[in-house]
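Read the single chain below, which is given as structure tokens and is the form predicted alone.
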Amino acid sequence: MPKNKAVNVGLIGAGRIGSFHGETVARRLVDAELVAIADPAPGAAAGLAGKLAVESSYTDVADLLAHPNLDAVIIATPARFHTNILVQAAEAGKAIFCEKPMALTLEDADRAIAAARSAGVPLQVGFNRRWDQAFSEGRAAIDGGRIGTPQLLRSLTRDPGPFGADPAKIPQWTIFYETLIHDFDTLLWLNPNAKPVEVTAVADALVRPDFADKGFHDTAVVTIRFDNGSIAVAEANFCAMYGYDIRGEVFGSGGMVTMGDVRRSSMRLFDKDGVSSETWRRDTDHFVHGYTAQLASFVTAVRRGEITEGPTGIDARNALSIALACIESVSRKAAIAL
């Protein structure tokens, strides 16, 4: 059987997650080729290109989009640049994988969706938890009716400590836009055909209380009510000293499914100090399969010319609408109707 021609992919953004996505395309996918990298920071694209044996690097996105025989792009820049680059890539006729959040306003989300639709190019958004084996199997159990009707849902994100970032350099509302956005998509996905109708959120600076009066939030809890009567809770904290803790749970009329484990494996050490387990410390370790599977799915979508599985621009907009309601709820100290 003849081998498929490789899908030529360009990477926009050579930071931490962009570098990981670039490595995935270059070294983990057999039917895709990383052909170009762009990043405005001097030397960033060239440095990553050298590590991954990629011939072409640019500081201008327009130059990358003009690269010969380019089929698709991965957008992994800071969130505030996502929408404009996405529109630019769509107008250039390239299939698009965009890291979350796709946009920071509903107007920009609509602009991104419209641009991809007008250009007729696939648009997939980076909600990698859908591709994690445990979460995928959990959704399959729900679809199979094994837990009955969903009634209570839970999703949490606790980033590994110690927290060493400078709060002054973290954009306001990051905990909703970039952290809990994963949980919002997960809860929507695990509650198929249900629509959120009300959001209540509380947030504070419990990790760095010295920045509370500057609008910094490192801890949040969100309650979401759905039109099917179910209730969901999402929570986040920037400093879990024991490791990177990502979990989900759906309780239904006929049972329950749980997903995620902070432990790296089922191995437990029994010694003079008691019983212990190693824990996950980085998202790129915990979700290496999910990150790889989502890009493999994107490559398939590029070949087919459409997204047949995986989160779309509409899914990204739906998660964003909850994030924006959270910001309003915290600001007004009130429940927000959607």
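None of the values given here were measured: they were computed from a predicted structure. Residue indices: 1-based, along the sequence shown.
Keep in mind that the form predicted in complex with a further copy of the same chain is missing from the display, and what follows is about it.
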| query | finding |
| --- | --- |
| Exercise: E55 in contact with a further copy of the same chain in the predicted complex, heavy atom 4.5 Å | no |
| R304: touches a further copy of the same chain in the predicted complex, heavy atom cutoff 4.5 angstroms | no |
| 4.5 Å heavy atom contact, T77 to a further copy of the same chain in the predicted complex | no |
| Touches a further copy of the same chain in the predicted complex: T284 (any heavy atom, 4.5 Å) | no |
| All of A165, D210 and L320 within 4.5 Å of a further copy of the same chain in the predicted complex, heavy atom check | no |
| Options 93-101, 108-116, 221-229, 188-196; stretch whose heavy atom lies within 4.5 Å of a further copy of the same chain in the predicted complex | 221-229 |
| Within 234-268, the residues that have a heavy atom no more than 4.5 Å from a further copy of the same chain in the predicted complex | E235, A236, N237, C239, A240, M241, Y242, D245, R247, E249, F251, S253, G254, G255, M256, V257, T258, M259, G260, D261, V262, R263, R264, S265, S266, M267, R268 |
